[in-house]
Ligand code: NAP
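This document starts with one chain, in the form predicted alone, laid out as structure tokens.
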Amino acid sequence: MKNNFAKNPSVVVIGAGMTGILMGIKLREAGITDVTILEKAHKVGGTWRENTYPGVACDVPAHMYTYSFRGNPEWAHRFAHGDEIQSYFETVAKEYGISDSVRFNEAVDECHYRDGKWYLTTSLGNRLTADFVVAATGILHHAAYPEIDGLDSFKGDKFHTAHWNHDVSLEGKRVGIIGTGSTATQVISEISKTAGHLTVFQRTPQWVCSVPDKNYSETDKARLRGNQKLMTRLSERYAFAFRNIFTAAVTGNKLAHAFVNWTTRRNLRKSVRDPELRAKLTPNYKVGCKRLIFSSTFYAAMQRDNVCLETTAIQRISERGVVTSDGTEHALDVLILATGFHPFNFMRPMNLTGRDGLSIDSAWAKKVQAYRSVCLPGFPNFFLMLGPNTPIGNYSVIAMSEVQSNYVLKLIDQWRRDSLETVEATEEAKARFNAYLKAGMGKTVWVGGCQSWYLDPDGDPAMWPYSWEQWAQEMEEPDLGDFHRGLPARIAPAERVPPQPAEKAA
């Protein structure tokens, strides 16, 4: 591809999940030829490669959960199953030549900025030098384990849902699952069919909205094959509905929230007849304060004869099972931890240092923040995809990555034109942006008194408090006034880490 740019950068993309695949495609389309994609695992896919638990599925409609330029006529379900999504990403990566260029089984251990370049060291000991680094490392990929006394003492089979042990059969066994979030509801719906007895240990109930699934027939698929315009229209219809119902409901639209509140509460009332069980499953916080769960099967699963909901607090784990605070020991053969992820790790534990030796841990010591979610002051020419305050919620993460990739490429173009010596947002711009976010949080449901993974350690939602349309519009063109035009002032020595020895380019 011919272009009129003064410079052609070298770019390292970390991760070959949904966003890494997208960045690889978009960088090539922009005429950037020196692109290296590093992936810690053996194949592409990210979240959908890692999570293989029973019932794993996307909670937004499948035709909305595709790249805008490459729909998928082969979806078998309205809410695509994990293996379908993994297959889709593998297919796209192969079609666009990404799979052949990824360096698999190679994680990034060290990433340091010096003298206008990024120096990376991988888990294989290889060293690379690049002008730009794009961290497409995802959000929910560091499994969180509960801090419960005796967790390691359990003698039966035990595993986290993110590391499902498929060698362990649950048929006829006494199974316990800790957690009732999005993953747990999917798992419970499936394993309740085969487990001999399933005990669900619930700390906090969830609001569950029923959106019926649908199986797509061969006729449905045939109608879409080769017709990208039709797939785009279908995707846009779903996106319109989700933006104007669910996204609007959590970001201050009172009418939308009233509708979602009514349908969700009605779903619980109509689905669970036993008043005692219904009371246990009824949250005491606003609908949407925690991530809204979509399931048309969870309440039915909870009413199976072999399923027991336990709401008494867990005191400890014994060799035989779970001991609750009333002294009851729940004997188990298998213990499943559906306890989520660490959402604020992002690219860590990678050893990342920016300008003047600033470490990411130092930069984020007080609060995990970014400018426009993707730019980190003190870390020039570094982009964090799906960073803090990306509008993660009940919407397509692919759409979010497409908006951000467009923004990132426009910033790289400014560097290629010599309009920016480096791409680095100012501290002042970051502070203004985060003040703008905080000003909008008061009208959202995330400040409704619940504890959720949306909240940072200070209790502030790391979310986007305005409409999707406003976010997309504000991300359309970078405001160059928010970036350093020359070389910025040096970072205070107290914020630095000792400089690393120089690496050689691979």
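In this text the structure is predicted, and so the values were computed from the model without any measurement. Counting begins at 1, following the sequence as shown.
This next part talks about the form predicted together with the named molecule, which is not shown.
**Student:** Might T247 be said to contact the named molecule in the predicted bound form, defining contact as any heavy atom within 4.5 Å?
**Tutor:** It does not: once the named molecule is placed as it appears in the predicted bound form, T247 has no heavy atom within 4.5 Å of it.
**Student:** Using heavy atoms and a 4.5 Å limit, would one call M475 a contact residue for the named molecule in the predicted bound form?
**Tutor:** No, M475 sits far enough from the named molecule in the predicted bound form that none of its heavy atoms falls within 4.5 Å.
**Student:** For I148, is any heavy atom within 4.5 Å of the named molecule in the predicted bound form, or not?
**Tutor:** Contact with the named molecule, yes.
**Student:** How about K214: is it within 4.5 Å of the named molecule in the predicted bound form, going by heavy atoms?
**Tutor:** Output for K214 is no: heavy atoms all beyond 4.5 Å of the named molecule.
**Student:** From the list T353, Q206, S405, Q86, which entry has a heavy atom within 4.5 Å of the named molecule in the predicted bound form?
**Tutor:** The option sitting close enough to the partner is Q206.
**Student:** Would you kindly say which of I178, V287, L198, C375 lies with a heavy atom within 4.5 Å of the named molecule in the predicted bound form?
**Tutor:** Going through each option in turn, the one that passes is I178.
**Student:** Does the named molecule come within 4.5 Å of a heavy atom in each of L384, S401 and W471 in the predicted bound form?
**Tutor:** None of them does, since no heavy atom lies within 4.5 Å of the partner.
**Student:** To test your reading of this chain, name the stretch in 336-344, 416-424, 128-136, 86-94 whose heavy atoms come within 4.5 Å of the named molecule in the predicted bound form.
**Tutor:** Result for this chain: 336-344.
**Student:** Mind listing which residues of 53-70 have a heavy atom within 4.5 Å of the named molecule in the predicted bound form?
**Tutor:** Y53, A57, C58, D59 sit within 4.5 Å of the partner.
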